[in-house]
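Encoded as structure tokens, the following chain is the form predicted alone, with no partner shown.
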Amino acid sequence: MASVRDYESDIDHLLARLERRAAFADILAQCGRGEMVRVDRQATRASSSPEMQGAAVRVWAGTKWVEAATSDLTLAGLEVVADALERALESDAVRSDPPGEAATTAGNSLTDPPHPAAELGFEGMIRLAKDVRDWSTEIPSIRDSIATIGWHDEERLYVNTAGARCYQSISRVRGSVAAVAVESGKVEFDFRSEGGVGGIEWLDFLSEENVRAVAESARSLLTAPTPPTGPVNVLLDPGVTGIFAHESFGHGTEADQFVRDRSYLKPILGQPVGPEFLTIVDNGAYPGGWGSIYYDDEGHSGQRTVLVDRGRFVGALHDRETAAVLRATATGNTRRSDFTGRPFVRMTNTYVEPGDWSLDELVKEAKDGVLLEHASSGIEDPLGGQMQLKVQRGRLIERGELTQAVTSMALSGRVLDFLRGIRGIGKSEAFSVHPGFCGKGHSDILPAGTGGSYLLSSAVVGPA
């Protein structure tokens, strides 16, 4: 794979040319590639993602941003971009500084695992995926199992005319298993997925013991009753807690929504929203997190941003423009899906920080209700403050004890009501960050981590 470093001198040449004409310019150059395998009953599929390379170039034209992108990182390709941007600059004679403070960060950061996932090759990934499928289908009633394994390596180089120069190389690895159980015409499934920044150590969870446990869980759902319906005490497992964090204080805290008056959270900034033991953060610097970044796409370092501090809503996620409008500081959350996408304020790893309750204590505190396990999806309404979380399975809580499994369900309600109802958060031993993807609307998909420990509140639930 070509490296953005191979084109660094040409990128610098383009930046110097633009600096003579514009008050500010920046360039994000990107190279990336990856591999993925998928094994199920019908087929074994192996695919390589196309080697993506290119650059997004942005200049401040006096009253607005003007952008252009190219997939040609040679000097000739970059000169074509420069010609187009200079023509745009000629149409606006106003010369002023762009809104917000430009980053001046300089750094080089690389993911350097002892054993990169690329070492497996297609043969190694297919061999592991077939083992996963075989282990699953040895369990009675498991008709099929889908195993996926993939990795993606990406470089990004950000430079600007204020002096920022940020190079990062990130390796992400992800695996999953989904077991499908069939009996007497009824179909159920369960799954497990893990991933993060690093190497093949992220695939260690695909052991025979863990895979068989997923298959047994899918099988148990064939005879499980439906979940309760209506308002109940709900205990979220760590993965569901993470989806809750993402949906409750996710898009609603992306400050471009504040600027557009599209967030229900804007009027309550600074106010209490939950108990004093509740802290929610977005952390682009979380070690190994699926959504972790070393630098954002405006040159700010990935960092921990507190959204809810001891029950009080205290912060939002900012790029340079929203920080200027709202008199805040950029938080390292400007992200492009790739060089063809726009820069948006985006989440990285969003999670509820652990508390001091054991799982047994939370179950006893709930008395009666349901434990929601294995989050499958979530949606939110950043303007109205509603959310819905879907899970693949659960367990009843009866008289302070975990009892039988129940089938898939959905949790819904107002975020602020759910927050005020939180009664306990699990210890750090159960804390984890899970891999996922998030779009701005229905596009610009990016890796985003979600996490937490067990969390007890109340909400309305029903079959999904």
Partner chain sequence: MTPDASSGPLAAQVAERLRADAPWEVFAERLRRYEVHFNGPVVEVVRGPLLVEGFGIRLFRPHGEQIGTGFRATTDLGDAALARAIASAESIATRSFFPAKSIALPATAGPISSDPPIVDAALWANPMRRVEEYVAALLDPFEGLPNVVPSFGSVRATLAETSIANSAGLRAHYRHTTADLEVAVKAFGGPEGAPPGEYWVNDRVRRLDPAAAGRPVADWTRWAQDARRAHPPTTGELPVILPAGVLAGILPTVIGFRCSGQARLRGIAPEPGTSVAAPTVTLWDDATLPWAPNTAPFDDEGTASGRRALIEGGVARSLLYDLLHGSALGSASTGNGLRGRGFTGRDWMRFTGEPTVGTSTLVLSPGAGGTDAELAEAAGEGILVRQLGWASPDPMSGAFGGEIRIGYKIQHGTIGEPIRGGTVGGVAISAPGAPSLLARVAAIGSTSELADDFYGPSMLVRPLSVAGA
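This one's a predicted model, so the numbers in the text were calculated from it and none came from an experiment. Numbering follows the first chain given and starts at 1. In this text, the rigid core denotes the largest set of C-alpha atoms whose superposition between the two forms falls within 1.5 Å.
The same protein also exists as the form predicted together with its partner chain; that form is not shown, yet it is the one meant from here on.
Colleague: Pick from R304, R310, R260, K367: which has a non-hydrogen atom within 4.5 Å of its partner chain in the model of the complex?
Modeller: It is R260 that has a heavy atom within 4.5 Å of the partner.
Colleague: Which one, D381, E101, D356, E119, lies within 4.5 Å of its partner chain in the model of the complex by heavy atoms?
Modeller: By the 4.5 Å heavy-atom cutoff, the listed residue in contact is D381.
Colleague: So, a 4.5 angstroms cut-off on heavy atom distances: do all three of V180, G185 and F189 pass it with respect to its partner chain in the model of the complex?
Modeller: Each of the three qualifies.
Colleague: Please determine whether V461 contacts its partner chain in the model of the complex, using a 4.5 Å cut-off between heavy atoms.
Modeller: Yes.
Colleague: Does any part of Q404 reach within 4.5 Å of its partner chain in the model of the complex? Heavy atoms only, please.
Modeller: No.
Colleague: R38: heavy atom within 4.5 Å of its partner chain in the model of the complex?
Modeller: Answer yes; at least one heavy atom of R38 falls within 4.5 Å of its partner chain in the model of the complex.
Colleague: Check D338 for me: does it contact its partner chain in the model of the complex (non-hydrogen atoms, 4.5 angstroms)?
Modeller: D338 belongs to the contact set for its partner chain.
Colleague: Tell me the stretch among 271 to 279, 211 to 219, 357 to 365, 141 to 149 that has any heavy atom within 4.5 angstroms of its partner chain in the model of the complex.
Modeller: One stretch meets the cut-off, namely 141 to 149.
Colleague: Counting only non-hydrogen atoms and a 4.5 Å cut-off, give the residues of 385 to 400 close to its partner chain in the model of the complex.
Modeller: Residues within 4.5 Å: Q386, M387, Q388, K390, Q392.
Colleague: Core aligned, does the CA of R399 move at least 2 Å between the shown form and the other one?
Modeller: Comparing the forms between the shown form and the other one, which are aligned on their rigid core, R399 does not shift its C-alpha by 2 Å or more.
Colleague: Is the C-alpha displacement of H434 equal to or greater than 2 Å between the shown form and the other one once the rigid core has been superposed?
Modeller: After core superposition, the C-alpha of H434 moves less than 2 Å between the shown form and the other one.
Colleague: Verify the C-alpha shift of M409 between the shown form and the other one: is it 2 Å or more after superposing the core?
Modeller: No, the C-alpha position differs by under 2 Å between the shown form and the other one.
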